[in-house]
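Presented as structure tokens, the chain that follows is alone, the form predicted on its own.
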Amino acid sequence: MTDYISRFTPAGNLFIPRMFQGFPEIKEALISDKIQAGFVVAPLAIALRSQGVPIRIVYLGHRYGSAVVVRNDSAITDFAQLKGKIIAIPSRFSDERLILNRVIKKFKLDVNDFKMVEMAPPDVAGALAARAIDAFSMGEPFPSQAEMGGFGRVLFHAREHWPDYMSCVLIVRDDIIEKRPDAVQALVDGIARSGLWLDDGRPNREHAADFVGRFYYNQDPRLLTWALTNPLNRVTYTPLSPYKPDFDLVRDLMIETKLLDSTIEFHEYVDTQFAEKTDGLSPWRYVPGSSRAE
């Protein structure tokens, strides 16, 4: 979120949000210049750049917020017990797939011991409840949806096996970075200040869940509140600067899992100039119910 959604910033920039149902559609929209920036998962952003798509990662969307979920009535209490089971993932180019591979390696198991199936995130809760799958590895709010529905139980959160885990990243087309760096900086600054505001306590998160659920995502605010507050660090919004060690780890896991044919260096797909200018920013001064943030 940024305070600039669908209205002009003091500098005259206008950011118009568009919702997509899947990452392939975002890719095509970026290539065709129908959108100039977007949030995608980190492995997909790296893969796009390696394929020649003219984009760069300039910031993160959040950290953590992914989990492996099993049925609430399942006897599974340990990851190794998922051997031979069906686990849904959002995409082969997802952090949620990489976290599974990382844990498989940690438990000295083989990836072929597990049946991973790609499934659209909105479908996984229903599939788990219907016993069509045994588990899923997904980002929020789908783990929360399963928990709230009483049929899902978090086996582990990504942070338990992946310190400093990243999820979505902000990508921007190269031509926009070159021609409109001021607009990119305004967007990054807005996201940075929103992150600081969200991490400033439960009341801010509860208000954000209510506002976004009703006006932007058409989701039950109670679900978003659960995802943002149960516990408060379930998803974090600071720090959001892209750090080389974090991305080197993702890239190496992608090579290991054959998502990349060759290596690609941090400076080839990340532009840190905008994140570097967010140091010293303060949270939005905003009281829930007021008409604007400053």
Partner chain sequence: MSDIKRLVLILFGWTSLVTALHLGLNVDWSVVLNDRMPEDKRKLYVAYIPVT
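Just so you know, these numbers come straight off a predicted model, no measurement behind them. Positions refer to the first chain, counted from 1.
Separately, the form predicted in complex with its partner chain exists; it is not shown, and the next lines address it.
The single contact residue among Ala47, Val235, Leu253, Ile57, judged by any heavy atom lying within 4.5 Å of its partner chain in the predicted complex, is Val235. Contact with its partner chain in the predicted complex, judged by any heavy atom within 4.5 Å, is made by just one of Ile87, Ile99, Cys168, Ala125: Cys168. For the marked spot (Ile26, Gly38 and Gln219), a heavy atom within 4.5 Å of its partner chain in the predicted complex is present in each of the three residues. Contact check for Pro10: no non-hydrogen atom falls within 4.5 Å of its partner chain in the predicted complex. Proximity of Arg285 to its partner chain in the predicted complex: non-hydrogen atoms within 4.5 Å are absent; the residue sits far from the partner. Taking non-hydrogen atoms only, Ile176 approaches its partner chain to within 4.5 angstroms in the predicted complex. In the predicted complex, no heavy atom of Phe136 sits within 4.5 Å of its partner chain. With the partner omitted here, the stretch from 28-36, 239-247, 256-264, 48-56 that lies within 4.5 Å of its partner chain by heavy atoms in the predicted complex is 28-36. Contact annotation for 185-208: a single residue, Leu187, has a non-hydrogen atom within 4.5 angstroms of its partner chain in the predicted complex.
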